[in-house]
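Let's start with one chain on its own, the form predicted alone, as C-alpha cells.
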Amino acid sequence: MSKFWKYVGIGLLIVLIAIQLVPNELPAIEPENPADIHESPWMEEEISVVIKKACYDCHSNQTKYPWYSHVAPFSWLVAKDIREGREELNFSEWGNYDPLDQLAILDDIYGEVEEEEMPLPIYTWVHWDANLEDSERQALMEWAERTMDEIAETIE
C-alpha cells in the first residue's frame, strides 16, 4: 500500500471517530401510550401485527433502535427519519387525532401501501422482515377502507 492510501485511510478513520462526538438525540421512547391505535375499537389482531412489524419503528413512540442507530452518520439518518415519520403519523397518538384527520391518515395509508411507498425501501433494505407480503398489503388496505367507513359513520 502506498503512503498516499495509508494517509487517506488514517484520515477517514479520524473523521469517522470525530463525527461520533457530534451530538445527536434520538427521539424518545415512551412505553405508556394510552392514545395508541391499538387501544382503538377498530384495531384487528392481524393488522396490529402488520403495523407493528412494518410501521412502528418510525411511526410510533415505541421505536426499537438497532445498534447502528447509535453510530454516526447512520444515527443522523435514523433520527431524521423517525422525527419526520412521527410528525407525519404517530400511531401512539392516534386517539388524539381529530376523526377527520384520522380519515385523511387512513386514506394516506391506503394510497402509500397500495403504491408500495411504505415502508420506505431504505428501511426494508436493512429490516427485511418489515417487507410487506402482497396479502399483508391487501389486508392493510382493506382494513383502512373498513375503518374509514366506521369512523365516517361516527361523524355523520
Partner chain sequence: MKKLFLFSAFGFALIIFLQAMPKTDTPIQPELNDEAPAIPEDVMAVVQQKCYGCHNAESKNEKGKEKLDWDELESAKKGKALATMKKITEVLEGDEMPPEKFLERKPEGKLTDEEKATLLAWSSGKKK
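Residue numbers count along the first chain shown, from 1. The model shown is predicted, which means the values in this text are computed figures rather than measured ones.
The same protein has a further form, the form predicted together with its partner chain, not shown here; the description that follows concerns it.
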Can you work out whether Ala152 and its partner chain are in contact in the predicted complex, taking contact to mean some heavy atom pair no more than 4.5 Å apart? yes
Do Ala104 and its partner chain share at least one heavy atom pair within 4.5 Å in the predicted complex? yes
I'd like to know whether Glu87 contacts its partner chain in the predicted complex, with contact meaning heavy atoms within 4.5 angstroms. no
At 4.5 Å between heavy atoms, is Ala139 in contact with its partner chain in the predicted complex? no
Does its partner chain come within 4.5 Å of a heavy atom in each of Asp57, Ile122 and Ala130 in the predicted complex? no
Only one of these stretches, 59 to 67, 43 to 51, 24 to 32, 108 to 116, has heavy atoms within 4.5 Å of its partner chain in the predicted complex; which one is it? 108 to 116
